[in-house]
Structures are given as C-alpha cells and as structure tokens.
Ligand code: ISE
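Taking the form predicted on its own, here's one chain by itself in structure tokens.
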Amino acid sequence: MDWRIGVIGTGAIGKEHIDRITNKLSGGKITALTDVNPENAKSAASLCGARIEHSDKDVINAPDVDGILVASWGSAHASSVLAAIGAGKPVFCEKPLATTAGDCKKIVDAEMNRGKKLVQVGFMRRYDRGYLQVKEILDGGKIGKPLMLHCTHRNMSVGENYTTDMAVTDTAIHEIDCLHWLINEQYVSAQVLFPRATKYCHPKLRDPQFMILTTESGITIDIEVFVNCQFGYDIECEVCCEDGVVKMPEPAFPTLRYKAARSVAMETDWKCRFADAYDVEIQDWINAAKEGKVKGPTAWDGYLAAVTADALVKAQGSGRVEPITTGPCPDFYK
C-alpha cells in the first residue's frame, strides 16, 4: 500500500519532488497539496491527481495524509514543520529547516518533547555518490585523521536578486551541512574573506567569497564561493589527511576530440548535477518514514547549519573571526 504524502509548496523544487514521487520512485503517493499561488497548485495537481487544500494546516491534518513534504518559501518552513510535529506526522523539509537559528531550535525542542524523531532536512549532498565515496574512505581510517578540507562552490551566474548574504544561506549552506557530516565534527569559528571582486558583480553582491571554518579538533576548512564564474556549475571537495588525500570525483562526461581540440563538458545546472542524489534522498525518506524512522539529516543538523550560517553572515560584515556556539549534541539525536 502506498504511503500517502501531502505537499506544502509547489514551486520549482516542489514540482520536481512531486514528479519523482509520482513517476520515478516507489511506495509513495501524493494525495493532497497546497500553495499560496493557486496556479502553481493547479499545475502541480495535474501532475499527480492530488487534491488541492486551502492551507498547510489542512494538508497536515488531512486523514488521508501520512507524511508531509515541505517545499514552500523558507520563511514559512518553521510554522509547517511545527504543525506536522504537533500532528505526529513525519515531515521532510527542504533546506533551510527555518530561516533563523531560533526557529530551528524551537523545532528541535518540539521534536524532543514529542519523544520521537519526525523531521528530515533536505540536505541532498549526503546522498550524492561522490560524497559517499569520500565518506567511506574517511570513515575507514586508512589515510589518517583529516587536517584540512578545500572546497569550491561555483555557479555560472546569478540574478540581481542574489545578495552577499545568500552566498552563505543559499549556497554554502550545503557545504556547511555536508562537511560537518563528512568529518563528524562541529564547527567552532567562522571567517569570511573577500578577494578581488569579479566584474560580473552587481551593487548588492560581493563575489567571490572565501569562507573559513574551524572545528572542535582544529580541522581547517576553506570554501570558495564564486557565483559568477561564467564557465559552469563546479563543485569540488578535497580532504587532506595525515597519510593521504582524498578528492571527490567529478561527474563523468565523455572526452570529445573534434576540430583539432580535445574537450570534456561540464555541468551547468545544480538540478542536473544532483538529480540522482535527490531521487535517492526522497526514496530513503519514504522508506524510513514508513518504518517510523529518520535516517537522513535531522532537525539538529538543520539547527547546526543555521547557527553556522549566522556566524558566517556576521563575519561577512565584521571582518573578524566569529565564534560558533551550538552546545553538545543531545543524546536524542546521537
């Protein structure tokens, strides 16, 4: 029997999840959905035959909905997630879990008070094959303890609605979660440096940026965020350890020999780069939720990411090394 899912938010990522649940994955069925934009809701409903509800609360409380998928605007996440926890229903929330660390902590507290893990956060990189290969090598221990991580997050270009702080909250937020998971350590400080600006910047954006995180054991992480690189969508991760170095493989493309040149194509879009990871992520959520479990990134991971992002945004303005204070991970999430 299909596990019945209600979707809150049917914009671009919401529609993609509806399509994958309906046409690619197994065990799940969209039965109800809602969106503040009626046309978005109608378009999404036509993809899966689901009923359109008036509000997120109507979806959450519907008797024919077993679990909730939140893909609405970030500022609306906290209210929907808290309502799902109150109803005792598993919820998958696209990143960010909430737009403030305070709201993330409310979600953590509500889930702990409920006494059962119900929340998974949409940090899909943990499901990417390349990152999983790096994780397996690090966990195996054969190249020693991690000392340094070097990472890049490059986009071809961004619109004028993209601002300096979004380089943290919308872009590097994926590295913030994924790198913490790779090395299994919490961050203790954050710093941001601004190299020479690209000519493709607009007045509200400083680009590129160089972000530095340190962990509790002293591991140093640098993340280059360059959102107007012009040449492609380029994600890299290299971990330098005591006895060796592991670098994440790049997506495979054929080598083309043509007109006296040899070339290899690159990804240009994040949706294509991580399409497989999204599929695996949502299938894993459905399978685990049907068993009453959460196997992916938790509400605590969402809180850690929010606190770290706040420190990096503060460092953008201060130019100083800013502390990151989260407290110990509760036993509930270990």
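None of the values given here were measured: they were computed from a predicted structure. One-based numbering along the sequence shown.
There is another form of this protein, the form predicted together with this ligand, and it is not shown here; the text below is about that form.
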Taking the shortest heavy atom distance, is Lys95 within 4.5 Å of this ligand in the predicted complex? yes
Quick one: does Tyr233 come within 4.5 Å of this ligand in the predicted complex, counting heavy atoms only? yes
Taking 4.5 angstroms as the cut-off for heavy atoms, does His174 touch this ligand in the predicted complex? yes
Would Glu224 count as touching this ligand in the predicted complex under a 4.5 Å heavy atom rule? no
Among 164 to 172, 244 to 252, 187 to 195, 209 to 217, the stretch whose residues bring a heavy atom within 4.5 Å of this ligand in the predicted complex is 164 to 172
Select from 125 to 153 the residues with a non-hydrogen atom within 4.5 Å of this ligand in the predicted complex and write them out in sequence order. His153
